[in-house]
Ligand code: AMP
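Below you will find one chain, with nothing else, as structure tokens; this is the form predicted alone, and questions on how it binds or moves follow later.
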Amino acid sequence: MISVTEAWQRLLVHAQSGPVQILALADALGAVLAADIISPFDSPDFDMSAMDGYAVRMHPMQENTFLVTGEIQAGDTGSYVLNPGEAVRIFTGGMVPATADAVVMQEWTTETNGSLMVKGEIVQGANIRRRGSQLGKGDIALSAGTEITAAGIGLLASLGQFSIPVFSRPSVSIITTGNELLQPGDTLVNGQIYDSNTPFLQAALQETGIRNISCFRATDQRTELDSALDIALELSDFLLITGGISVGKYDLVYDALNSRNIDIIFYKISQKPGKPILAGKLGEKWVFALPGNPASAGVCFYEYVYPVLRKYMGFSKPFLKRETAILSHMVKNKSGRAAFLRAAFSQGKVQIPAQQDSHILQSFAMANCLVYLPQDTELLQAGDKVEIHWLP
């Protein structure tokens, strides 16, 4: 059994970015760029009016009176040359004539029979978005390693990009084991429970940006488990198994994985909840066997599976975001192991609910973070600082 910090370190040694694929821009939200995107032209590509008004060329003799010679709408491709004392009506996004000194907003003007009067001082260069003011041709628009946001998609679209190189999102299979499990919607029978691990993990994967998810069930029969393992290992880049990884008579997962020569990275961590967890690889495929208790499975997913998935997807900071917070009340850790406690951070302090048993999901559903207590932490008082890991 290893420590939490050693488990993290071992994962970092083995975790790598996945393959690169070319993805349509419309499908790239949440993906991570695998290469720099270079601006193919100046952005904007011409001097552009920042508002509706008049582009003017100043003339000291006429002061603030100008002759209006035409009109420019956004999208017009013609060119105007303004002589001193001339102006052209222009609209937001229109191409400003090269000889214009400024654009005057329409609220500061009066036009009568082609004669324009400007109220107030005209400032050289006012209200003109200069060519290349956002990006010059050859500049890096977005760097490799950048997560694509909605604004990023908009920026890349403005540069004419329709497909981009990104790190692939992995395919994932979930195998849920146990005779006692029923599907939500089935009639509940005494001694059985509904499977919450599959929908929990499915949602957590979707939350991480993964859509290619396959789900399987296996009773506590080795033949069923072996069949599910064969299919899932063939099908997916990552395999998540819940239940059957402890040491009971019907805990069959360890032996089933061992018989397939899984390269075990670690098995069992000195923590609560979630001690019986296995991480390993079969070639380039990742295998995680998680505890069957729902809260334990959730903790292990976020602390160990989530960062490996994120690393595969190209994120440079794959772990849950970590911060220091102030504890609102006393907390004891009598387990002799590290602890991950479901908690809620609000108004500068973190509150840890009493319900921390490994089967309880309600406190998880209400949590926005996990409080991490190292193994040597036995007692904390209100006002003490603790490390929190933000849930996605």
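In case it trips you up, residue 1 is the first one in the sequence shown, and so on. Predicted, not measured: the structure shown is a model, and the values here were computed from it.
Another form exists, predicted in complex with the ligand; not displayed. Remarks below refer to it.
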message: With the distance limit set at 4.5 angstroms and only heavy atoms considered, check whether Glu180, Gly243 and Asn293 all reach the ligand in the model of the complex.
response: yes
- prompt: Are any of the heavy atoms in Asp195 no more than 4.5 Å from a heavy atom of the ligand in the model of the complex?
  reply: yes
message: Can you tell me if Thr176 lies within 4.5 angstroms of the ligand in the model of the complex, counting non-hydrogen atoms only?
response: yes
Contact test in the model of the complex: Asp251 vs the ligand, heavy atoms, 4.5 Å: yes
- prompt: If contact means any heavy atom within 4.5 Å, which of 314 to 322, 95 to 103, 285 to 293, 73 to 81 contacts the ligand in the model of the complex?
  reply: 285 to 293
